[in-house]
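We begin with a single chain expressed as structure tokens, specifically the form predicted on its own.
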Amino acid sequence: MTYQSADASGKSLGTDVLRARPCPHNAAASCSNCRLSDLCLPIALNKSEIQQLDNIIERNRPLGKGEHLYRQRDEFRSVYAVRSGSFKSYTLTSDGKSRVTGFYMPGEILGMDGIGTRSHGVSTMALEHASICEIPFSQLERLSHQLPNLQSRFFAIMGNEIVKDQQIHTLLSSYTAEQRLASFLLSLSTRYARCQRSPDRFLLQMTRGDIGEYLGLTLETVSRGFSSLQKKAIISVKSREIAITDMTALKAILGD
């Protein structure tokens, strides 16, 4: 396969024959055989285009629980696809208070918060042992110009992020505490299903406090909300394991 590279000035350095970069932990790993390819950037690409994307992806070492992928105000260089595990993003105010802004699961893209300003607006931390694929943004931009399908897919992901921001704004401004919690659990259910996990029984890797920060609720309100849903036999709670026992009733809380 050929790939046109460039130096810092943007001048062509010539055409080189490149091989897909192997994962340092699994040499067989690539976009073409990844079980998450139907969720991630390759979803709209053909086999040849996936190979070209594979050439620019860096599969980095795993991150341990509590380890940061990047921090607020770090220079923006790359976007990241979650391969395994989960992450949370959060902001810190000038007085040191934090607010969780999102949770990310396998197949989802991280780091787009830095595209506009070229510095990250949030910090992102692993909630458990996790791994990512790093995609240098300058190379992704160049490749997107060559592959319209990749460009369209990336724009679609950015559009989905905007929709998610609008949805969380609506949730915080007009939903009751119970509706916020129901919406959160239904969102997790859908996302777990997308990555081929159980949609009605899963572990919450985030803490009750994280959930509260994300939903604009106190820790006590989140705990009471879980207890209330359990008393209504809508969910079953065992430590961090959640089982949705009545999906219809959970959706009915939102009027679905």
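Remember, it's a predicted structure, so these values are computed and weren't measured experimentally. Residue numbers here begin at 1 and follow the sequence given.
This protein has a second form, the form predicted together with another copy of the chain, left out of what is shown; the following refers to that one.
Does L172 reach another copy of the chain in the predicted bound form, with heavy atoms at most 4.5 Å apart?
Output for L172 is yes: heavy atoms within 4.5 Å of another copy of the chain.
With the partner left out here, check for me: in the predicted bound form, does some heavy atom of E161 sit within 4.5 Å of another copy of the chain?
Looking in the predicted bound form, residue contacts with another copy of the chain include E161, since a heavy atom lies within 4.5 Å.
Using a 4.5 angstroms cut-off on non-hydrogen atoms, would E108 count as touching another copy of the chain in the predicted bound form?
Looking in the predicted bound form, residue contacts with another copy of the chain do not include E108, since no heavy atom lies within 4.5 Å.
Does E75 make contact with another copy of the chain in the predicted bound form, using a 4.5 Å heavy atom cut-off?
E75: no, not in contact with another copy of the chain in the predicted bound form.
With the partner removed from view, which of 128-136, 143-151, 75-83, 181-189 is the stretch that lies within 4.5 Å of another copy of the chain in the predicted bound form, judged by heavy atom distances?
Among the candidates, contact is made by 143-151.
At a 4.5 angstroms cut-off on non-hydrogen atoms, which residues of 204-220 are near another copy of the chain in the predicted bound form? List them in order.
Those in contact are E213, Y214, G216.
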